[in-house]
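Next up: just one chain, as structure tokens, the form predicted alone.
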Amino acid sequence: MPSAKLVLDAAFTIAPVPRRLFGSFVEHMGRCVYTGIYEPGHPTADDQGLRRDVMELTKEIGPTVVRYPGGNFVSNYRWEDGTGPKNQRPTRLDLAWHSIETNQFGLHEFDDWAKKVDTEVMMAVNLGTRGLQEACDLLEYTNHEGGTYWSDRRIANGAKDPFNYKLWCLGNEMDGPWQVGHKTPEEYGRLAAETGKAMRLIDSEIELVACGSSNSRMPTFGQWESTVLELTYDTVDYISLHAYYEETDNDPLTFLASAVNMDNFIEDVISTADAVRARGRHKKRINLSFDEWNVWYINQFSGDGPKPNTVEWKPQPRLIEDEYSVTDAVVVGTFMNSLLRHGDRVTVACQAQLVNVIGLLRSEEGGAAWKQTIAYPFEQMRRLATGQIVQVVASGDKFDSPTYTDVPVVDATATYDEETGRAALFVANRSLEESSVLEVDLRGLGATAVREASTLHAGSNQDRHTTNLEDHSAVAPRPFTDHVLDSGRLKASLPPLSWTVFEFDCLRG
């Protein structure tokens, strides 16, 4: 039986928990927007066509920031098409996903939705087919109070007060040959730097994210970050990271270990950013925005696009509507752990995407909406991770997969909030078949009681491939009782292939 020992102490912390770490992503892709968050005529739709059932689920999982409107979609998007009277909005070809974009949902509808679910907006500008001027026009429209052409257009379109967006992406995945308007790092870096400088003349309080590599397997990875940051360092605040993972070739061990790749990716980008800082003798540090991450079964990709000249152009085709399992939920938990333990530098992160398209949530046109298995680790960490990220000193059994070596069987992160006197522990047992014995020394946190404990795993009537597609509550956290806390020491038996969460009452410092 595998085992792990952890030591936690409030004197040894990494950084405050960044609230923007628990973000998500809404792109005009597939059914994320249309029949996802927006469906006039649905039984739960409000007077703006927003699905109340999806909004309620969104509020429950609680993304603190939502990136919009893309993604690949943004790179040939005319933002102004989604403003003004709906009967005057143009229908366009979306080149990214070989779809028809009706523009019946646009900037104002998204802003209303974001306010209703109480989330911050992370806005992206098109640096593919458009550039500096269009980005400045959009910022003037959203953030300037009034008395100018674009701000008065916003007011005429029904929004007297500015939207006041402060977090902005300078394009999307511009290193990717698939991107409309793909650029070299030199081309992109110059454009991003000049666009960012101009945007700051409109609103000096905005924060800017430069495009990093689309994934760590890109042939230009590292060199792209270095060149882009050399050109943009004084202008931007963040460099972005994107990563998707899947189980392939019947190799669950590599899949369960894939957060090791996420850890390495993050640390490589930090090293590159800090090297540019040193060369340029800059004072500030560039933080990381991991603004696309998830499990995505890309090798099983099926749907109606993007396959130009092979399929019919139509609106909201079903695209990458992956059905997530117990295994996927445990892996997503390890991704959340990876992001949290790097929270001193990864201060923005967006799970991709919120609804239907590799979504935390699923919905059916005219029908129900429900949480996928992967929503639960996200929801739990967003709710319980407060205060400071605690260093986890760990020892225990490890395993090797065909790709990774020396992978801890038990993966854990923790937080401590002195103000509330509570601590949280997030633990994944990667063992497919065996329980793991967990021992945690919590005396340095002053833990006195287990306030809450739950676990998500395959129960007696399930297996690791069980999803919530048919029974929407089949996979969810259940109360966990196989633990004892005595004199500040926790001992627990973690079920095989499980995600377990503890909240503790602690003596305040």
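None of the values given here were measured: they were computed from a predicted structure. The first residue of the sequence shown is number 1, and the count goes up from there.
This protein has a second form, the form predicted in complex with a small molecule, left out of what is shown; the following refers to that one.
Which among 398 to 406, 127 to 135, 237 to 245, 250 to 258 is in contact with the small molecule in the predicted bound form, heavy atoms within 4.5 angstroms? In short, 237 to 245.
Out of G212, G359, G333, G71, which one falls within 4.5 Å of the small molecule in the predicted bound form, going by heavy atoms? Contact check passes for G71.
Select from the listed residues F265, F378, F105, W97 the one whose heavy atoms reach within 4.5 Å of the small molecule in the predicted bound form. Of the listed residues, the single hit is W97.
Residue contact check: I389 to the small molecule in the predicted bound form, 4.5 Å heavy atom: Taking the distances in the predicted bound form, the answer for I389 is no, it never comes within 4.5 Å of the small molecule.
Although the small molecule is absent from this view, report whether N172 comes within 4.5 Å of it in the predicted bound form, heavy atoms only. Close contact exists here: in the predicted bound form, N172 approaches the small molecule to within 4.5 Å, heavy atoms only.
Counting only non-hydrogen atoms and a 4.5 angstroms cut-off, does W150 reach the small molecule in the predicted bound form? W150: no, not in contact with the small molecule in the predicted bound form.
Heavy atoms within 4.5 Å of the small molecule in the predicted bound form: does Q353 have any? Close contact exists here: in the predicted bound form, Q353 approaches the small molecule to within 4.5 Å, heavy atoms only.
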